[in-house]
Ligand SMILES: NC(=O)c1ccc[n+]([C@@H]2O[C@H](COP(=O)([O-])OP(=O)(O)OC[C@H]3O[C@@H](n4cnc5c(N)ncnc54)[C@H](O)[C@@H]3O)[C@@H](O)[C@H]2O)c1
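Okay, so here's just one chain, in structure tokens, the form predicted alone.
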Amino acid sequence: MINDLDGVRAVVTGGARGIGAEMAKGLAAAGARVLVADLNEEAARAMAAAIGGETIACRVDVRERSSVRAMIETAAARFGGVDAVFNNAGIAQVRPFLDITEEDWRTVMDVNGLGVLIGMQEAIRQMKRQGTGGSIVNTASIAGKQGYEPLAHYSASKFAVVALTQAAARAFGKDAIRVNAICPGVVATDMWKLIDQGFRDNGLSSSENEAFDGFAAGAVLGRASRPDDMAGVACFLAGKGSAFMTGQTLLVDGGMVFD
């Protein structure tokens, strides 16, 4: 089977909950050995235990190179190498455009932009040392395809993820390292609960789930996304079925944005 991941050694950041957790579950179910990495180490260990098998966990702060390097080294030491790295950790923040501060910008960009850059760099260095290539998958967003005003700096950070994905794909194809991105839409996660609250806090909506439901209504498949909607695509991008694909951003949003 093209999505058989038996023997694949994978790392998932932001893997303790939401999209990352479902990616980790899906990868493990397909046969991969998975390191669940998260800023919340206790939650990462709990998720790894729930997945079972050879799944392991560690703490990572994607903003800190030493932390990301230690994560990659942990996976390589335990599994004998690294074949797939999912730079999934991210944050969101709602601010009206004119209210975005320098601190807001740095907070969001440090995690979503710099964190992906560092994750890619450390993954690529490990894959180049191995000499066997690999797959890097970055979590972008429909906000990396279209800018949304109350999420302008978040949108900018996800546009950055798309740019980094394309640049790395061009740079490291010669090393058989593939770099792609997934662009989720409106996904029922804790992050969207915070976004929904942010809309209310800024007077942009008046009731719980109003923003979530309003955005989700744009999906032509008729529902909001669930975190597990990303699992199959994650397995595809880690496996042989996507062996000739690189530099692509796959919209997995139920038809909210057509590219």
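What you are looking at is a predicted structure, and each value in this text was computed from that prediction instead of being measured. All residue numbers refer to positions in the sequence shown, first residue = 1.
Omitted from view is the form predicted together with this ligand, to which the following refers.
Contact check for Ile177: every heavy atom lies farther than 4.5 Å from this ligand in the predicted complex.
In the predicted complex, at least one heavy atom of Val62 sits within 4.5 Å of this ligand. Contact between Gly18 and this ligand in the predicted complex is found at the 4.5 Å heavy atom cutoff. Shown alone here, Thr189 lies within 4.5 Å of this ligand in the predicted complex, counting heavy atoms only. Screening 72-80, 89-97, 163-171, 123-131 for residues having heavy atoms within 4.5 Å of this ligand in the predicted complex returns a single hit, 89-97. Taking a 4.5 Å heavy atom cutoff to this ligand in the predicted complex, the contacting residues in 152-177 are Tyr154, Lys158.
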